[in-house]
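Okay, so here's just one chain, in structure tokens, the form predicted on its own.
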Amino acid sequence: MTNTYIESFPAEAKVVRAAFYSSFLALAIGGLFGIVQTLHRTGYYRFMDSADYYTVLTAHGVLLAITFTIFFLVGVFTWAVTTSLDRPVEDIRFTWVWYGLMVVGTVLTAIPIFAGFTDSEMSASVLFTFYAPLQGHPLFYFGLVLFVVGTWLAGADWFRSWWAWKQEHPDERIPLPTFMVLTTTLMWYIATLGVAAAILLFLLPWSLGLVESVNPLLTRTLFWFFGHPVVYFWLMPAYMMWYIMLPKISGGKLFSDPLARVVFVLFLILSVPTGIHHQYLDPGIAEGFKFIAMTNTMFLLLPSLLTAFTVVASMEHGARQRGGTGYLGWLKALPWRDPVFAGMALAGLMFAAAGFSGMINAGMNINYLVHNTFWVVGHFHLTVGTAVALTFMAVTYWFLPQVTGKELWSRSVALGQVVLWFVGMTFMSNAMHRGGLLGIPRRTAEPQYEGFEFEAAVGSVGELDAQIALGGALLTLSLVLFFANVIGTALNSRSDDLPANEYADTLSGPSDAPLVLDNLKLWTAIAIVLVIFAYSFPLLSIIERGGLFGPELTELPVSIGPGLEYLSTTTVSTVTTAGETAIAIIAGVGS
């Protein structure tokens, strides 16, 4: 294989390129809202009413956590399947259909979110965690449905390619990139059943007025059925890049194909039955069920640790092929001036830090200290904000020439961009974690309370705000450099001197892996059994206590002032606007 991707698969390259550009557009808008939030919350610069903060927060979360990540994912997965199977998709028209559905779904979802900035009654300032009792416009939910259906069809497209390839190669092992795509897709199919049920059975009918109320705890649980495995849906394409691209760019080979397969099988069977660990403080779920979720979550450390071992071993092999010596001296031989390598390596380093903070989130007892605080925001800015986003931006510098046939505009700017992102996120996430330990809340435009001050053991809240603002500014500058490179590359002329479309070879190949690892039916069945075990009794208990559509959502008293005197009330069933979102969070519905 010596051609670039666009030369080998010109029709598919157009789809991949379109998916990437859609992802980048979401990144640009979501990133802009990120700096707006940062400046507003820290108090350095405010130009909007605090009620609009929740509309900004919703757009930031939805565009970055769903749109940016998943559009990039479908582009990478389409590349991976066609490249590793060495065949085009079965029907390019079908490929454009699922891409089009995702685009339409994104637009429909965005319309009511952005309407929150106007005086229109159409609004969906329900945050990324869009469960009840926050209610969005029906168009918001309908758009999400179309988007998810688009991803389901994308998965079917990848399976069609594999089935066709399998008919022609019945005795061959599934190529590793395709294996990673298929296992990730199966996990996604299982995970999205929860959010599909929440939207189609409860939230959409409720927003249309077809039912008068819903069971908030039930919709929360169904959301987190999806809400935690979606993290791995973001991460698994990043893992794929670490496994099949990082070793090659390091100058070596992947240490172990079998270990990589084991990791993705573990993610398939363990990712979904963990969502209840987001609900440790929900009183309607028994502690025993939460303990089961905690145990399942701790098992997820295993594939991450296996990944750390395999990827670092692969990098060491590459470094030693490049002349590196010594216990740690080989690190100097790695291609740190290559923005693709540097970005992915720094993203992996940040993910190690995210693993430590994630263990705090996963533990039932210590989670109580940081639940719903700025600590959680710091954690997911290390995961999706760095491990995923920085990896995606870094590999963009390899993918853009492949899908455009044009040379990267500036490698030096690209290197500066990935380093700047790493530094900016270091400042921001460090301050967020420390702020969480002080009890500073998340999901609010006004983190400081009148008559109360957060006391830091080291530094001050002002110093933490300065770090967050500085980090946000550096991240924004990094995004500007990234988009300058993307646009500059798009405007470049075609080049004949581009690297071939190849991925890493292996030291221990697929022939060393047990055949049972390729038994996708077995692993899917085990995953479903674990989900039933983890969720059947909690869901039945929730329904038994509150009914499918819950008790009628009546007035909920809101406490104001240190005397806990109930001075006013608000009706939760009408919490739909950005300003009222804050009330819902104070009342304890945000987690």
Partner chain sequence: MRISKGALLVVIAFTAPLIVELRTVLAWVNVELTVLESAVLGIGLIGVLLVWALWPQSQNNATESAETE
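Positions refer to the first chain, counted from 1. Quick caveat: nothing in here was measured; it's all calculated off a predicted structure.
Here the subject shifts to the form predicted in complex with the partner chain, a form of this protein not shown in this document.
Q: Taking 4.5 angstroms as the cut-off for heavy atoms, does Glu463 touch the partner chain in the model of the complex?
A: Yes, Glu463 sits close enough to the partner chain in the model of the complex that at least one of its heavy atoms falls within 4.5 Å.
Q: Flag Arg160 as yes or no: does it have a non-hydrogen atom within 4.5 angstroms of any non-hydrogen atom of the partner chain in the model of the complex?
A: Arg160: no, not in contact with the partner chain in the model of the complex.
Q: Is the gap between Ile487 and the partner chain in the model of the complex 4.5 Å or less for some heavy atom pair?
A: The answer is no: Ile487 has no heavy atom within 4.5 Å of the partner chain.
Q: When the contact criterion is heavy atoms within 4.5 Å, does Leu346 count as touching the partner chain in the model of the complex?
A: Yes.
Q: Just one of Trp152, Phe142, Trp398, Phe427 has a heavy atom within 4.5 angstroms of the partner chain in the model of the complex, so which one?
A: After the contact test, the surviving option is Phe427.
Q: Going by heavy atom distances of 4.5 angstroms or less, which of Val423, Met122, Ala473, Leu204 would be at the interface with the partner chain in the model of the complex?
A: Contact check passes for Val423.
Q: If we take heavy atoms and a 4.5 Å cut-off, which stretch out of 402 to 410, 479 to 487, 100 to 108, 329 to 337 is in contact with the partner chain in the model of the complex?
A: Stretch with heavy atoms near the partner: 329 to 337.
Q: Using a 4.5 Å heavy atom cut-off, are His228, Met241 and Leu246 all in contact with the partner chain in the model of the complex?
A: No, the candidate spot makes no contact with the partner chain.
Q: Looking at the partner chain in the model of the complex, which residues in 435 to 466 have at least one heavy atom within 4.5 Å of it?
A: Heavy-atom contacts within 4.5 Å come from Val458, Gly459, Glu463.
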